[in-house]
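A single chain, nothing else alongside it, follows as structure tokens in the form predicted on its own.
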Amino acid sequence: MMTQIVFYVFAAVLVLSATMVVSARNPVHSVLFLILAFFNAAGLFLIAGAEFLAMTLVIVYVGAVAVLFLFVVMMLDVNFTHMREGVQRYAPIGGVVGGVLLVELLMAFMHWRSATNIGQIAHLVPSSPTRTNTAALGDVIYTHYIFLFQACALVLLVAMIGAIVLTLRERPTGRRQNIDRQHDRMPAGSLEMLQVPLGAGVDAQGGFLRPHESYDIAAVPGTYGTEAWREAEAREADGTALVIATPATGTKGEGNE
């Protein structure tokens, strides 16, 4: 009786929190309700005797995925008002897709049948009253399905590398150096020794100094901080940069004196 009461409490809170995830206006609140839903789902797994899935849900999804969502939502300056402008326009399409998924779920549950010979099915790992689910899953994954498990890891690695490559952007403020020329530099061309009077400090001498060409010697031409970059910035600030404008054709009043 107590188990049923706990089950219904966890299930009710899970359904309510899942509803609030998609209906909350504040995205931070949505992520917090998502974390609550994960915790209640882990409680349901514990009641069902699947402690490995419960701990995985808490450690992986709550401790990593949901917290990552929360950090991204809180740190990025996302204009959610602009993102919601097209909700009413695409609401009918979303309703149709949701209706199709609901019908599929109802059909699947209506035709759900349990196998009559479930006790006669041969198990890969012999069952034992003293053996936990975690140990049994470890034996299955790392013995019978080790190659498939490693293949899944490789697929995730390729997906991670692809995401990094696709989202990598060239930053104009990055300082790139020519490694060979950097190694060929001598201390005399990189450092400037100063005789600072006692008690005067470095600020009195104009701050930390270095030869003007110390960075330009080893830097890739045109990158941030080089002389060519400074000249281009100065020309752009003075308005002397060359701008090629193509005259418009067929405008109103063309050819009028």
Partner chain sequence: MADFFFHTTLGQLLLIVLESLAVLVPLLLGVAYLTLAERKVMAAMQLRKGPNVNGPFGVLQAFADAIKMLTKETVIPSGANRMLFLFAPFLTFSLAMIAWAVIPTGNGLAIANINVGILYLLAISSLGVYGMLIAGWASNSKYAFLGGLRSAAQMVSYEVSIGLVIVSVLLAVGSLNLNDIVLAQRHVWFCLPMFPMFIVFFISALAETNRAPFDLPEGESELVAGFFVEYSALAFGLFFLGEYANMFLMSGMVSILFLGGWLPPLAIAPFTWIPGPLWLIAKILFCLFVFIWVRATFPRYRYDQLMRLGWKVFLPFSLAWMVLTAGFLMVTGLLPGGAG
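Numbering follows the first chain given and starts at 1. Keep in mind the model is a prediction, meaning the values are calculated, not measured.
If you look for the form predicted in complex with the partner chain, you will not find it shown, but the lines that follow are about it.
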property	result
Every residue of Asn26, Phe39 and Phe71 near the partner chain in the predicted complex, heavy atom within 4.5 Å	yes
The partner chain in the predicted complex: contacting segment from 150-158, 105-113, 131-139, 92-100, heavy atom within 4.5 Å	131-139
The partner chain contact at Gln177 in the predicted complex, heavy atom, 4.5 Å	yes
Distance check, Leu44 to the partner chain in the predicted complex, heavy atom within 4.5 Å	no
Close approach of Met75 to the partner chain in the predicted complex, 4.5 Å, heavy atom	yes
Interface membership of Ala48, the partner chain in the predicted complex, 4.5 Å heavy atom rule	no
Residues of 36-65 having any heavy atom within 4.5 Å of the partner chain in the predicted complex, listed in sequence order	Phe39, Glu51, Phe52, Met55, Val58, Ile59, Val62, Gly63
